[in-house]
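A single chain, nothing else alongside it, follows as structure tokens in the form predicted alone.
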Amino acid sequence: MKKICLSVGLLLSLMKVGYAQTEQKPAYETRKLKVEEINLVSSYYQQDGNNSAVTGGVGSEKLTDLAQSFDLVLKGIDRKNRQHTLNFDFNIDHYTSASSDQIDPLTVSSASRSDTHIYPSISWSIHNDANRTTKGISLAYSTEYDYKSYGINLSFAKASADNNREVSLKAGAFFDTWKVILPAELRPDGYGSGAHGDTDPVDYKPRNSYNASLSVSQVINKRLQVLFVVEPAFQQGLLSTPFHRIYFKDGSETVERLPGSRLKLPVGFRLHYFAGDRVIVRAFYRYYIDDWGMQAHTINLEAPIKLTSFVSVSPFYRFSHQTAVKYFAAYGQHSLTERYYTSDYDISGFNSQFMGTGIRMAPPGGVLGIGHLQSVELRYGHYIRSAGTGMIANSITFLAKIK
């Protein structure tokens, strides 16, 4: 948190410098930073299945997660008539996981039976109407019981003269440090559990991630907008999860082992069609391929329908098909001669579906007559995965916007 506070101070200082440098310029109508909107999000997620990677591809995947998000957006105009947007985002998740509790099944409470994930971020962007550009930077931090992460993202976008086309470039890097927690029966003598209060040492390993994004959006006409995006990413370091067990054909046991690098290439196409005053069709297709042998196709459809002037519903459906990485095999199917191995069903081959709906209210005068409470939305989703014995999940999310 100290680094985040320093980052906020640095950004504010830079903004003051920017103002100071423009004091001799001709006067424009400036506007100090003020609160533009506040977004509050609460969600509950629950899943269950019987293919936990912690126990080698068998065993409970039961998990619950309660998440809270606070998003503060401030905007202002400087003396060069540029719009500054400062965004503070604070997220906190608390989860319980039946499978993670099996890292050390002999203890009453293992290192990861339940934990809290905290991940704040801050972003700053400057939009210049004169040359139709937007520049931005964001800093992120994340911490959980077995890792810490620091991230930075840079962005640049330029619109065409008629503002119907925009080209956007983004680049980011995340630097993670993972605590190497091993299953209880596979720890060398003197190796710690990683649990709070255990003074025996454990190893720490890095994992760095680099990503980029190039997108082109185009307004075709007043009803149709499209976007094409390509998002290459590269990871290196500890990419396996050390407390995932592997069981070989001869019954022997070890931990998951995966290559130390991974190159990913997702390509996406988005379409928004305004079918009259009451219906919007949002469609998205994504193709994914990586050098671990996985390929995936994802189609997402959502159709917000306006029931009245301030109430709308948003049914949605997503279908995804992916092939397994070449290192995957089920419980007891790996051979001792293999170099890499995993029984994690998240990177196995499967079909999945995610469906549900949302209902949004944005009455004039504010929700329940509260002027600043501009809108509220409730969304429910149901997820089905075909891998192994199957997994199901449900989520419910409440969103509120204050302006």
Partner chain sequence: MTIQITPTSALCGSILLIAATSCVSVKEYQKSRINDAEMELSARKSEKFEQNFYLYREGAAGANGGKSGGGCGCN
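Residue numbers count along the first chain shown, from 1. Because the structure is a prediction, the values reported are computed rather than measured.
The next section is about a form of this same protein that is not shown, the form predicted together with the partner chain.
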Of H127, R257, K75, R318, the only residue with a heavy atom within 4.5 Å of the partner chain in the predicted bound form is R318
If we test each of H84, K205, K80, H272 for a heavy atom within 4.5 Å of the partner chain in the predicted bound form, the one that passes is H272
Discussion item. Can you tell me if S335 lies within 4.5 angstroms of the partner chain in the predicted bound form, counting non-hydrogen atoms only?
Written reply: no
Even though the partner isn't displayed, in the predicted bound form is F328 close enough to the partner chain, meaning a heavy atom within 4.5 Å? no
**OP:** Tell me, yes or no, whether V41 is in contact with the partner chain in the predicted bound form, where a contact means a heavy atom of each within 4.5 Å.
**Re:** yes
Taking heavy atoms and a 4.5 Å cut-off, does S60 contact the partner chain in the predicted bound form? no
State yes only if every one of S217, R286 and S395 has a non-hydrogen atom within 4.5 Å of the partner chain in the predicted bound form; otherwise state no. yes
Given 130-138, 245-253, 188-196, 293-301, the stretch touching the partner chain in the predicted bound form at heavy atoms within 4.5 Å is 293-301
Looking in the predicted bound form, the residues of 142-167 with a heavy atom no more than 4.5 Å from the partner chain, listed in order, are S142, E144, Y147, S149, D162, N163, N164
